[in-house]
Every structure is written in structure tokens, then in C-alpha cells.
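Quick heads-up: it's one chain on its own, the form predicted alone, in C-alpha cells.
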């Protein structure tokens, strides 16, 4: 009895096997730019690590890894706050200035005898207040988020200069010194705090009703309103979260530099947005992740660190960051 011949063409083979072959699925995945967009930050980080380690063997030394993780802590905290805002299709341009204002408020309170804990709470409240102000003006006043946060960017920077009289305030505190230098293995205390904040944010965004409302508001605000979600309250809340985390970032910044600087560092604003874009969060709202921006923050920190180790002028570092961000933004066009 003649045995039936096996199909020799690819379509026939896939049919006989009950679906596309493994090679076909892998090939299709590699050709799908949407999959690359979803993994852009992680792929970029792995590539950077391989390249910089091959060019400088100290890049993956325990000392340098620890330094990079500590350096990324502030950016991680700010990126998490920015993620909540961007998830609702907004943007917080004032986040770096809010951090500066909170740092100055902390310094003012500390040197006037408020005590460490009270000064920390006051700084965080100052950051949250700016966030609530932003959210209220945007949601209740119906003013564009770009205009509101651009205005508070300037106002917060100016207020910080007024409070500090334009001069940095030196902070001498043993607990803050331990916060900036203490480690558990290769993980600095500041990085562990940032990681804990990211974990809590992930739980809030993906395992609570509030997180569902945030994504629904960003996905379709009108539909969310029609379903009973108070989108005005949600928008106020996400800006409050961004401001509060800017206050936390201020404490980490003061601990790291040992002073409350009244001059705002705009690179934190640009990099916080860049980390969110690298992490695959949609700038149009409704699509977000916490792990992505964290990896994006690590990627940007590793990029600057690696270029510094290679002796590349700091003038070229913003150029490199800009190129990486534009490439990531291009990939987001293909996100599913």
C-alpha cells in the first residue's frame, strides 16, 4: 500500500504540523517592528552593556554598577511619577522644578531647626501641593497641561530662588549621608527606595481600581466619563502623584549632593520624559508600564556613565541621549 507523501512546500508543512512552524513564527516576530518597540528599552540596555564592556572592562565592575544604580535612583522616581501623568495623555513639564522647590523647602526647614523627619515631610508636601495645583488647573480650569506645567515650571523655579535667596544651602546630616552611601551588596539605599516605589506603582497601576481608571481616562476620556469615572479627580490625582514623587526625588538629591540647590536641573525633566518614551508608554495615553520606564532610566544612566568612562566630552552626551530617544519614539509608531 502506497504511503501518502509528506508535503514539501512550506504552506503544506505548516498545515500538516497544525500551524506555522517555529522558524516561521520566529522570523515573523523578528520582522514585526511592534515587538521591537515593546522591548526597545531592554534591548537597548543589553546592547549598551555589551558595547561599553567590550570597550572598557571596568564598566561592569561592582563599583561602577553600584554607582550607576545610585545615579539612576532619582530618575527612576521621577519617571514613575511622569508615567502616571502620561498614562492619562498628559505631561508634567514642571517635575524638575518641583523637585528643586521641594529640595529648597527641605533645606530651609532643616536649617531652621524643624528636624529631619519634619523637613522631609514638608518637602514632600510641597511637591504634592505643586502637583495638586497643576492637576486642579488642568482638570477644573480646563487649561492645556502643556501651558499649566510650563507656567508652574517657571513659578516653582522662581520661588525656589526666592526662598534660598539664590544660594545653595549645605545640609549636614548623618542619616542623609547614610542614605547616599549605604549599600546592601551592590544596591545603594537610594536605589532600593526607588525600586520599592516602582513596585508599589506597578501594583497601584495594574492591580487597583484607581489604576484601571487612570488607563481608562488616558484611553478615552469621554468614554470613561460616560462609564461613571470622575476623570477630573483622576487627572488631579496623577499630577499629585507626580509632585509627591518629585518631593521624594528632592530628598534623594539633597542626600546625594549634600546641599539644597536652588537652580533647577532641566536634564531631569528631559530624561524623565525620555525614560517613559523608551519604556514604551504611549504619549497618547491609555497604555503604560512601570518596568519599561525603570529600564529606560537605567539605559539613560548607563549611556551617560559609559560615555564618561570612554572619555567622551560631556558636550556630546546630550546628543547621544537625544538620538536614542528619537529612535525609541520612532519605534513607538509600531506599538500594538
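Please read these numbers as outputs of a predicted model, since none were measured by experiment. Positions refer to the first chain, counted from 1.
Missing here is the form predicted together with another copy of the chain; even so, the following discussion is about that form.
Partner proximity in the predicted bound form, defined as non-hydrogen atoms within 4.5 angstroms of another copy of the chain, places exactly one of 141-149, 238-246, 104-112, 117-125 at the interface: 141-149. Contact annotation for residue 278: at least one heavy atom lies within 4.5 Å of another copy of the chain in the predicted bound form. When another copy of the chain is considered in the predicted bound form, residue 161 lines it closely, a heavy atom lying within 4.5 Å. Though the partner is left out of this view, residue 273 does reach within 4.5 Å of another copy of the chain in the predicted bound form, counting heavy atoms only. Although the partner is absent from this view, residue 55 stays clear of another copy of the chain in the predicted bound form, with no non-hydrogen atom inside 4.5 angstroms. Compared with the form shown here, the Cα atoms of residue 325 and residue 50 sit 3 Å or more closer together in the predicted bound form.
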